[in-house]
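Here you get one chain, nothing else, as structure tokens; it is the form predicted on its own.
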Amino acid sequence: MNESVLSQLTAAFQKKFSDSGKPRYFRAPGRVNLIGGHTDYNDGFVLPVAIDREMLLAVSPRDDKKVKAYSCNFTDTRSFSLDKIEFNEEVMWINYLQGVAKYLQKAGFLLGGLDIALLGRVPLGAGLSSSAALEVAVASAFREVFQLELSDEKLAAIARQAENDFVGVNCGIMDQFISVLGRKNRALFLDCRTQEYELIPIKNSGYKIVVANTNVEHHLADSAYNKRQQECQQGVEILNNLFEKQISTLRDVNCDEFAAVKDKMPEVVRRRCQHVIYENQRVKDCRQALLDDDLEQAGKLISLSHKSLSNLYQVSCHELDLIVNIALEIDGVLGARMTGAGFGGSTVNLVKDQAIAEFKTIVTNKYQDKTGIEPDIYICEVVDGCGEISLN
């Protein structure tokens, strides 16, 4: 943990909450999904890792039912009562805290008030799940400070419920799950239907996961996300009429079954379904490639995922495609794809150690030449999920 960052957080806490007790510190990581784009809300498979871009909290209990929070990123203080939680239409960031508190209480947990200073190191709008990191960090702080008997899986579910039902973003379970259950140098193979998971060792030390942030965020993302969900549901309804077995989600159809009936589907719905069904198989194949320490194969699958997201699911954009194409021309890049919901945000790249400097230079220069925008490049470490920070 960077001591200067903790010092900054401590100074902010002491300034804003001078009457409060000595704080405890909590963290929750952002994530990058290696493969499994838009499969999570279709009950499919994903393969994310937790990364060393984190949400940090300094926290001290209060003697009332009030939560008072200061955001270092927005230089803004907000408060709410645990007895009266109402959505804030004007200030979005406080709603993530309110949603977590609401659904912890709804689940029967007894909470007290908190003074909280928070410092986000997950870039906003980069598709690295800053919102889930905030929700999980807050839930983790409540759990530890008030000694709640709350399992990791239940904590992730409550954090997701806060985003779905309070903030109003209909995300799947992946982002919150990896922020809680991620482990150092492990990818998490997650079945989004059953929530069964397996930690997959990332064995090879000769490469890094590199994130390239396009620094663009098109406003299509929310409406397109909802539309893709609707199109997938239309596909489920059509497939139910084409098969004798029950199709609950696209997860219930394999590649061979789909190939036999795809020509009977409307083109747009066919494209969406084809991406999801084949992407689920790619995730399973990538899991096996990592177990076999076959990074060349994992990289190929990651790159195929991007082609499918761009051409079939149509959630990429010019800037994402540009960075992927630039990256794949560099010797030592094993694979590249967009990560996150799309229409901006970031790409994830598997890059050999000796190619990282060249990757940073070439991607930055070529992307900036074509767009006039400077990308941000993050060399990521794969880290543990949420927890309390020990200062000893």
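Numbering starts at 1 and follows the sequence shown. Every value quoted in this text rests on a predicted model; they were computed, and no experiment measured them.
Only in words, not in the display: the form predicted together with a small molecule, which the text now covers.
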{"item": "Check all three, Met55, Met92 and Pro123, heavy atom within 4.5 Å of the small molecule in the predicted bound form", "value": "yes"}
{"item": "Non-hydrogen atom contact Phe74 with the small molecule in the predicted bound form at 4.5 angstroms", "value": "yes"}
{"item": "The small molecule contact at Phe177 in the predicted bound form, heavy atom, 4.5 Å", "value": "no"}
{"item": "Contact flag, Thr214 vs the small molecule in the predicted bound form, heavy atom cut 4.5 Å", "value": "no"}
{"item": "Any non-hydrogen atom of Leu118 within 4.5 angstroms of the small molecule in the predicted bound form", "value": "yes"}
{"item": "Contacting member of Ala141, Ile277, Leu104, Leu128, with respect to the small molecule in the predicted bound form [4.5 Å, heavy atom]", "value": "Leu128"}
{"item": "Partner-proximal stretch of 291 to 299, 199 to 207, 128 to 136, 263 to 271 relative to the small molecule in the predicted bound form, 4.5 angstroms, heavy atom", "value": "128 to 136"}
